[in-house]
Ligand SMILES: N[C@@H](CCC(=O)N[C@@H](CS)C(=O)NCC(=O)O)C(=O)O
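One chain comes next, on its own, written out as structure tokens in the form predicted alone.
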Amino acid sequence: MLKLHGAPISSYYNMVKLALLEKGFDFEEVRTGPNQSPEFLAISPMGKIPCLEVAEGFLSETDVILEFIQEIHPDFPLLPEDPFQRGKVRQIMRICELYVDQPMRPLLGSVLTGQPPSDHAVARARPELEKGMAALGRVTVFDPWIAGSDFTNADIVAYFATGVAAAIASAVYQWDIGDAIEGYRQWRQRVGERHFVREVDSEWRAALQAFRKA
């Protein structure tokens, strides 16, 4: 049985978990946070989550894991068959990771803990996110899914990446990033209505509440 190491407070963990659920995998969750212990570094070289344990060993890095589970279980594909369309899906995923999610990461700790972020981080993050959302808007189609007619890894990555960015932008800038892309809100609602998305979101909310209480 596959084992997914990580915790539902992580958006990247939730991306992999949702893909596993959507594709019908039987898997076990091993709860752990990112850490630098020798034991965890032996299975996740940067100490990051998620980490996927399979019969042959361990894999880390979310995009690598998503590609792997597609290759070992091509039924209910989360990547298109056409090479160009696969490239478009991967393009959306990369834009979400590099230009939507990453610019907001320096502010995430402040939002989670309630501590004020640095002026430098506040000044830098919003212009970068604005460019990222504009780029995302240029490659999305919402027909009805983000890359076309099929639900793909692009929907999974974009849903969680933009969700984190939106929460931070709202808390720090009182900015609703849903205004940045036409059709974004309707797409996000469609994704959020999927059965397994509701399940993953529910566990994420519980984990976030537990973190804040702690």
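Position 1 is the first residue in the sequence shown; the rest follow in order. These numbers were taken from a predicted model, which means no experiment stands behind them.
Just so it is clear, the following notes concern the form predicted together with this ligand, a form of the same protein that is not shown.
Novice: Is residue 131 close to this ligand in the predicted bound form, meaning a heavy atom pair under 4.5 Å apart or at it?
Specialist: Judged by the heavy-atom cut-off of 4.5 Å, residue 131 is well away from this ligand in the predicted bound form.
Novice: Whether residue 148 contacts this ligand in the predicted bound form should be assessed with a 4.5 Å heavy atom distance threshold; does it?
Specialist: Although this ligand is absent here, residue 148 would stay clear of it in the predicted bound form, with no heavy atoms inside 4.5 Å.
Novice: Is there a heavy atom of residue 34 no more than 4.5 Å from a heavy atom of this ligand in the predicted bound form?
Specialist: Taking the distances in the predicted bound form, the answer for residue 34 is yes, it comes within 4.5 Å of this ligand.
Novice: Please run the contact check for residue 153 against this ligand in the predicted bound form: heavy atoms, 4.5 angstroms, yes or no?
Specialist: Contact check for residue 153: no, nothing within 4.5 Å of this ligand in the predicted bound form.
Novice: Counting any non-hydrogen atom inside 4.5 Å, which residue from 168, 49, 177, 69 sits next to this ligand in the predicted bound form?
Specialist: So the residue touching this ligand in the predicted bound form, by this definition, is 49.
Novice: Which single stretch, out of 23-31, 61-69, 181-189, 154-162, brings residue heavy atoms within 4.5 Å of this ligand in the predicted bound form?
Specialist: Comparing against this ligand in the predicted bound form, the contact stretch is 61-69.
Novice: Within 4.5 Å of this ligand in the predicted bound form, which residues of 2-28 have a heavy atom? Give them in sequence order, or say none.
Specialist: If the 4.5 Å heavy-atom criterion is applied to this ligand in the predicted bound form, 2-28 yields 10, 11, 12.
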